[in-house]
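First, one chain by itself: the form predicted on its own, in structure tokens.
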Amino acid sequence: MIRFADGQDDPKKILDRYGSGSPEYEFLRAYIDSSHVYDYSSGEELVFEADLRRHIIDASIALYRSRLAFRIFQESKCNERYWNRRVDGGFTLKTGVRPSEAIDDIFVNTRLYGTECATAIVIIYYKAVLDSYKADLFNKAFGEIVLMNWRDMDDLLGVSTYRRLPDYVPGDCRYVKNPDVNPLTPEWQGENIIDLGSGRYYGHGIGTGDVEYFIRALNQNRIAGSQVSAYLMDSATRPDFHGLYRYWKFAS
């Protein structure tokens, strides 16, 4: 169930704002029907999360359609007008560059970029927050950006991985683990996938499909003779929706 601290909003009325086939509707329906209690300060905060989750999905689809190249860290590339490439394969924002323009450039000049799946998720998160915050607030919030993995992300994003959650919903980042990965291709040890809703997911370097689609792809990259299948882990990675809302609410 959903509970509001201000006691002034009805989550079912918020649900009615969205079409029954939309990711927002699927997210809200799951939380409303859950036996777990989800606390929000207000209906406005709930709408903020629903919309940000939608932006995560839209950014995932945009990255898929733009055909961002899959490259291991040693072979990553970026547009040097906006980014510096580190020796470890990550990208750092150039001095004097507007962060909003640098993130948008990845979706415009995609052919100039290539990286692996964790960095693709980081790019998706920054793009989703940009679309929620808009350029001025985003640039105020994120003066320095590193694109690589969870450890290098800005604290404001608050990205964390949670295990054995009561509900998994659209906008979550799930992980398909390949325990018997071929040691010659360690990049196939697993795949971060964004829940697009309606049982479909996006994973950089593999594409879009249901969970079994990603399991089959990873199973093709196991050690010879392995009988241990790749599998979807009981966990989800999420940004700090509450913290991002508070910054949007009080810093804008």
Partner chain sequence: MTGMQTALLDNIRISNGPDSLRTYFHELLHTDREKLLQLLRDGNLRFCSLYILRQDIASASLLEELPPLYRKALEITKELSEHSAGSSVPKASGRALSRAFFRTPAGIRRGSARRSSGLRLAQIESRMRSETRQVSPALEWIVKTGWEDDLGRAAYELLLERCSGILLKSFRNSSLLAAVAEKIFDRNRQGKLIHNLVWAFFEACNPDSLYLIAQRLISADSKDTALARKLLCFIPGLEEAAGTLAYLRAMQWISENRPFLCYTGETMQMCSRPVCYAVSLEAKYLCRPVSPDSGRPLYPLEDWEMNQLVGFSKLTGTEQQHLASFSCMLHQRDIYRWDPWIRQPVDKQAETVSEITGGSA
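Residue numbers count along the first chain shown, from 1. What you are looking at is a predicted structure, and each value in this text was computed from that prediction instead of being measured.
What follows is about the form predicted together with the partner chain, which we do not show.
> Can you tell me if V211 lies within 4.5 angstroms of the partner chain in the model of the complex, counting non-hydrogen atoms only?
Although the partner chain is absent here, V211 would stay clear of it in the model of the complex, with no heavy atoms inside 4.5 Å.
> Contact between V181 and the partner chain in the model of the complex at 4.5 Å, heavy atoms?
Looking in the model of the complex, residue contacts with the partner chain include V181, since a heavy atom lies within 4.5 Å.
> Does the 4.5 Å heavy atom contact test between S42 and the partner chain in the model of the complex come out positive?
No, S42 sits far enough from the partner chain in the model of the complex that none of its heavy atoms falls within 4.5 Å.
> How about S100 - does it come within 4.5 Å of the partner chain in the model of the complex, if we only consider non-hydrogen atoms?
Taking the distances in the model of the complex, the answer for S100 is no, it never comes within 4.5 Å of the partner chain.
> Heavy atom within 4.5 Å of the partner chain in the model of the complex: which residues of 20-38 qualify?
The stretch 20-38, when checked against the partner chain in the model of the complex, contributes no residue at the 4.5 Å heavy-atom cut-off.
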